[in-house]
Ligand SMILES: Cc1ncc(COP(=O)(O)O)c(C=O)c1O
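Next up: a single chain in structure tokens, the form predicted on its own.
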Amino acid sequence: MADSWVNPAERLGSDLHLVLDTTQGGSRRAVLGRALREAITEGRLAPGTRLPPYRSLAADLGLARNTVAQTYAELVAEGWLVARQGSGTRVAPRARPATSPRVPEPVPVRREPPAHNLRQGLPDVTSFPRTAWLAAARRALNAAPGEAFGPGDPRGRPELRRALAAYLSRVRGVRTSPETIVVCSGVAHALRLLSGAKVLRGTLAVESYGLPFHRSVLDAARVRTVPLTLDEHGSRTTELSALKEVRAALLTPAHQFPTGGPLHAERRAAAVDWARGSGGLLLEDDYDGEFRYDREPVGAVQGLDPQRVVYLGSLSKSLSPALRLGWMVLPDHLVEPVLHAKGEREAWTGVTDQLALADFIESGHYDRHVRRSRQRYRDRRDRLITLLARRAPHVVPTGIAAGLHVVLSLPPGSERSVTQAAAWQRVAVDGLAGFRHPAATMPAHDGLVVGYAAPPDHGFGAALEALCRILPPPPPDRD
């Protein structure tokens, strides 16, 4: 029969799984030797791997110490292992797994990475505040109670919910308490949870231009979306009253994505009035709420009626998309349904990151990071606008007062050729048409959505030059 033993890491410092096959006969020393040779030949013990001390292995396998010691010595003599004083016994560097015929694998299609990344929605990841974050994580871990490292609370750590409640109230005018905040991994996750809780069902009103990914999340949840018309004042929320089947609307009031600009005050009020009168719900995606340059800050719509608005936010642009941390500020009556949809344990966001973020906010480091980032992105925006005025004055940038991107208006019919030129030049940039709702009835406009945050500082100038090279020439003069 074949027996299997596993070495406890606490005794050996590393785990080692061996199968001692006694069906082939031989002494215990011979059986152990075969098992070690097979593990090396098959590649399960790679060259340089340190083996457990023979005393520990003997205790785990129920063998005599001399049996294991003699087996090690035999394999050293054969060249399978090497033993050095103070370094223990290791798999020999020249011990390689046996080669076997391999089925040819299909050759993957290699796509060259873009030379210049000007896609929207990406921050400058090189500016992540590593030192300050590490200090916050260290302080938070030292102060965390023992229960923090048990099964996660689906609401999110109380330390983070307290920090978010204070921060969002102070900076965005959100009316909340820690009890109405649920931590999630981002806005897309929030939409999934709201759909799973049956908060979103049937038909949802969205903006005529928005993130296709969010629409795909809603489609997967069988939530139908209908578009609201957009103009220079944002979504025409007065259209909501005519959409009798709609009971919820998803808006980006702080900075409409991607066209830019805040939702006009009258339209904010109209959206809230519709929600109150119809028993509907507003979803407020606080897109780019932290980054404003040439206008006064605009408070959250949620502050007008916390029982009719779900406020959604994340760290994806203000700090890093890699952290996978976001939040929902919910009306009181929606907290339990959302928690039920999320489950009894936190399965999406790590406790250590939540604790670190709580300290990062409360220590003031998050405010300082946002202010530094705001200035950096404003400088980049100014460089982009200045260069366009000099090199392509016929291309008009819009939505420049806030956010991490601008929209460049293009001559009718030119968007496709420009995006093709960008692909040839390895410039990653998005055409405006990709964000348009399939059912939108408002006139379509050709344009580019140009993000100016992602390129590293040393490559930003080259990225702008590459952008200018793909833009269409000015129209011919007419007499």
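Start at 1 with the first residue shown and count on from there. No experiment lies behind these values; they were computed from the predicted model shown.
Unshown form predicted in complex with this ligand; subsequent notes refer to it.
Checking 222 to 230, 381 to 389, 206 to 214, 353 to 361 against this ligand in the predicted bound form, the stretch whose residues place heavy atoms within 4.5 Å of it is 206 to 214. The partner is absent here; in the predicted bound form, the one residue of R267, R324, R247, H369 having a heavy atom within 4.5 Å of this ligand is R324.
Just one of S316, N117, T89, S195 comes within 4.5 Å of this ligand in the predicted bound form, counting any heavy atom, and that one is S316.
Residue contact check for V187: one or more of its heavy atoms lie within 4.5 Å of this ligand in the predicted bound form. Taking the partner from elsewhere, E159 is found to have every heavy atom lying beyond 4.5 Å of this ligand in the predicted bound form. In the predicted bound form, this ligand stays beyond 4.5 Å of every heavy atom belonging to G299.
The closest non-hydrogen atom of Y287 lies within 4.5 Å of this ligand in the predicted bound form.
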